[in-house]
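To begin, one chain is listed below as structure tokens, in the form predicted alone.
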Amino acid sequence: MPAGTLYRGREGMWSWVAHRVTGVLIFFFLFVHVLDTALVRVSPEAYDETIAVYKTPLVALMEYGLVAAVLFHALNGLRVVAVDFWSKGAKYQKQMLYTVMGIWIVLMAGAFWPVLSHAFHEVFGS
């Protein structure tokens, strides 16, 4: 790594990048959600077509990605609060990130079937 570079490429930088990326993804989801909900008032037929698209397996996969983004953003946000307000937070930030990743993996495994079961039934039959 070149001396004097601003980016160190370690866990802290990548968690910072992932936190921003997941925040942007969540913002765009909320923006689209507000728009599709507004379709009810403008064109109920267009709303029904949109909801039909949301029931496709591809969108179910995107929902799983949304769950991943929300869970990581929330858990990493708690880590960031601990780093900022706990006197030993900076010292243990790396261990807290690995803890966040462990909890995130467990929660994502638990969310797998509830989120994706209808997509599996649609693709592979029941």
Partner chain sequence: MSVEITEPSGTPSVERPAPLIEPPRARTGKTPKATRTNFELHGWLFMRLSGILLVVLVIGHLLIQLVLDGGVQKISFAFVAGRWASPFWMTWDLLMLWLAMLHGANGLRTIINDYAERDNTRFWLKMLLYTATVFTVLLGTLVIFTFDPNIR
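Numbering follows the first chain given and starts at 1. Fair warning: this is a prediction, and the values are worked out from it, not measured in the lab.
Omitted here: the form predicted in complex with its partner chain. The next part is about that form.
Novice: With the partner left out of view, is V106 within 4.5 angstroms of its partner chain in the predicted bound form by any non-hydrogen atom?
Specialist: Residue-level check for V106: no, no contact with its partner chain.
Novice: Please determine whether A74 contacts its partner chain in the predicted bound form, using a 4.5 Å cut-off between heavy atoms.
Specialist: Flag for A74 set to yes.
Novice: Although its partner chain is absent from this view, report whether V24 comes within 4.5 Å of it in the predicted bound form, heavy atoms only.
Specialist: Yes, contact at 4.5 Å.
Novice: Any of the heavy atoms of P114 lying within 4.5 Å of its partner chain in the predicted bound form?
Specialist: Residue-level check for P114: yes, a contact with its partner chain.
Novice: Considering only 53-73, what residues come within 4.5 Å of its partner chain in the predicted bound form, judged by heavy atoms?
Specialist: The stretch touches the partner through Y54, K55, E63, V67, V70, L71, H73.
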